[in-house]
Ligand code: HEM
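Just the one chain here, the form predicted alone, laid out as structure tokens.
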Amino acid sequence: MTTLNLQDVQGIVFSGYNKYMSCSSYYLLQINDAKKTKAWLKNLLDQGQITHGEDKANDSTENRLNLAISYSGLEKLQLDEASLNSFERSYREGMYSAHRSTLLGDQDGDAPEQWLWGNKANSVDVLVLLFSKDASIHAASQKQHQAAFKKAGLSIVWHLDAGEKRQDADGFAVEHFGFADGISDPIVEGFPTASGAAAIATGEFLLGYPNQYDGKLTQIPISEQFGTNGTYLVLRQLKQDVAAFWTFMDEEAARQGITADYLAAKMVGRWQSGALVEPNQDTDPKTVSNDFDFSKDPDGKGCPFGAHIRRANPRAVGLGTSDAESLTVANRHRLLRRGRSYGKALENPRSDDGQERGLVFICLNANIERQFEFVQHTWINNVKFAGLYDEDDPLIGRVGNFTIPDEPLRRRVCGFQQFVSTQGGGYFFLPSLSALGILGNS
């Protein structure tokens, strides 16, 4: 059994703070004076402002703060060349690079050149994640930290607020298309909430521990002292066109003689309640569980092969010669999601109000290439996924085609527009508190 030093691991690894922190802000910063920034890092640690895994939130908890650093940030903090080269290649190249953006499908309107932040013109060195109990506390916290950024030689490139917390009757977060979210995070060995034999190896999400891939340690940057208990953080700002999504569902459902809720559920793979779409089912059963695989739906008659949740995590079907082998393969590519929706919920989902809304997508993984990039490239964007031939993810993809296996004939949904677009993104290293101490004292 893995035993973690929770005081050394940043708290965001274990929790997205959704239960007690209703407000959040994401500050994307540039370092202009490394000496001042190092002093600021040291001061955050000395004052205990960076939340770690033993900081248990409750009803009286007011704030949470975590911090991650990009490759350019470590360069500006004057790490030597050997240390910099010890980090994973994808992290060194950056999400905006030609190689990575092609791999991720960030082309045309999603190309980094069009981004609001995270490209060469608006590069980011430091990510600060702030969380607060309520709006008034959050406003005071933001004012305090913005003043501290200036004194620390940091300038704000961009910042995103996620202040509206939507929950359904079961307590699940609700994203802007109206679906329950945050249901399918993996159980991780050694984490405070871990239980059962199905736990994923600690090393998939924290460096310095055996991973799920080969039972070995994933490459630790710089040194064991520096890299252990750290991980990589992926951040993407994804804009959602809610009105276009539901208007299309209405029009296409009417054309096909089905309901808009049914069509949307087929594309997502879950009903709006979060319940899995199963065979011979045309309404939401509102029975939510994450304890399933697709072995009972081998033909995709319930959850289609190309549905969003089946692409994001195929579970125990289609990746090996047996269900057990397929599950083993799928578990080598898991992600810990820690994002939130930004912008106000659209009052009438069929009528756009001109305001931007979307998802602050955040995931944690010990190996960006094998985890996040593999999922995005090989499963989400792959037009030949699971025997398909001309479609990618119907929710967050760009191709605009989708197949629903059905009797006596399959249904085809063709030519729909892109509903989600990338506005910015970056790869960051989320250091342990020990590593932040090393950087602050360097």
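Start at 1 and count along the sequence shown; that's the residue number. Since this is a predicted model, take the numbers as computed values, not measurements.
Keep in mind that the form predicted together with this ligand is missing from the display, and what follows is about it.
Residue H308 is the only one of H138, H308, R100, R338 with a heavy atom lying within 4.5 Å of this ligand in the predicted complex. Of the candidates G208, P349, G105, G182, G182 is the one whose heavy atoms come within 4.5 Å of this ligand in the predicted complex; the others do not.
Look at 81 to 89, 235 to 243, 211 to 219, 107 to 115: in the predicted complex, residues with non-hydrogen atoms within 4.5 angstroms of this ligand sit in 235 to 243.
When contacts are judged by a 4.5 Å heavy atom cut-off, I380 counts as touching this ligand in the predicted complex. Mapping the unseen interface onto this chain, F177 counts among the residues with a heavy atom inside 4.5 Å of this ligand in the predicted complex. Using a 4.5 angstroms limit between non-hydrogen atoms, L154 is distant from this ligand in the predicted complex. Remark: V420 counts among the residues lining this ligand in the predicted complex, judged by a heavy atom distance of 4.5 Å or less. No residue of the trio L29, V124 and F131 has any heavy atom within 4.5 Å of this ligand in the predicted complex.
If you take 353 to 377 and check each residue for a heavy atom within 4.5 Å of this ligand in the predicted complex, you get L359, F361, F372, V375, Q376, in sequence order.
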